[in-house]
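The chain below stands alone and is given as structure tokens, in the form predicted alone.
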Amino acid sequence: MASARDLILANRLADAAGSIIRPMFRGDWSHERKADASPVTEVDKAVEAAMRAILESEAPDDGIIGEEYGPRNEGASRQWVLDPIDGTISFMAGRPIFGTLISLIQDGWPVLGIIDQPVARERWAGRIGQDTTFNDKPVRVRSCKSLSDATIASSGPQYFSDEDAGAFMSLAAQTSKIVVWGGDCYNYGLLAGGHLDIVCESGLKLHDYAALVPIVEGAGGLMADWQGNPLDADSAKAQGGRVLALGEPARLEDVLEAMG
């Protein structure tokens, strides 16, 4: 389990990340393409390096899984999972709907998560067994009595395979048909705060979703793969990173049926 001390450390990591990101937002920086063709900026790298330095000093026995610099202490039961800028494309475009993701996983299960939007100074924090907070105040998901009332979100249609796109569109057709595109991790914070009902995505990696699980579930929601199974460190490989977040857990069977 994650302790109050772990949460304090996670908040310090987010503070360090934000102090680097804010002055560089809509600024001048270099970027390149990674092997998977996704972009990475020098800011992504600087932020992860700063967070890793803090962890290596203050939690030397814990492992680190970072998007940009890979794993450290892979055999440790406690692993900090870092995504310095989730939504790099939004950051590059000057859109303040990206976020820094910080998670602690214990024996493969996410137990603590932070979504930090440093420009708007918005921070969601979740810890298993505790209420999720938004800027230190508890938040809750909203009720959704019918799938036809649901507002659905996803980062973008380009991230779905043809098969997965068909499942998403089948689901979207049975919701309110209000679809929010873009937002990456920001959508999950909005869902935890009662502003969205469903987030549906595929192709996510561990650093994309680990922080989201304690946040959504600590606000009363549910996260699962497209088979309805809980998310752990193996979900990215076992299920292709197919992720669902629901504000109303009772709608899970309706969602899975709608997706075929």
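All residue numbers refer to positions in the sequence shown, first residue = 1. Since we're looking at a predicted model, the values are computed, not measured.
A second form of this protein, the form predicted in complex with another copy of the chain, is not displayed here; the remarks below concern that form.
Contact check for Gly156: a non-hydrogen atom falls within 4.5 Å of another copy of the chain in the model of the complex. None of the heavy atoms of Leu147 is located within 4.5 Å of another copy of the chain in the model of the complex. Contact annotation: Met92 falls within 4.5 Å of another copy of the chain in the model of the complex, judged by heavy atom distances. Proximity of Lys205 to another copy of the chain in the model of the complex falls outside the 4.5 Å heavy atom cutoff. When contacts are defined as a non-hydrogen atom within 4.5 Å, none of Ile85, Arg140 and Glu248 contacts another copy of the chain in the model of the complex. Just one of Ile114, Ala172, Val111, Leu190 comes within 4.5 Å of another copy of the chain in the model of the complex, counting any heavy atom, and that one is Leu190. Segments offered: 61 to 69, 230 to 238, 45 to 53, 191 to 199. Contacting another copy of the chain in the model of the complex at heavy atom distances within 4.5 Å is 191 to 199. With contact defined as any non-hydrogen atom lying within 4.5 angstroms of another copy of the chain in the model of the complex, the contacting residues in 19 to 35 are Arg26, His31, Arg33, given in sequence order.
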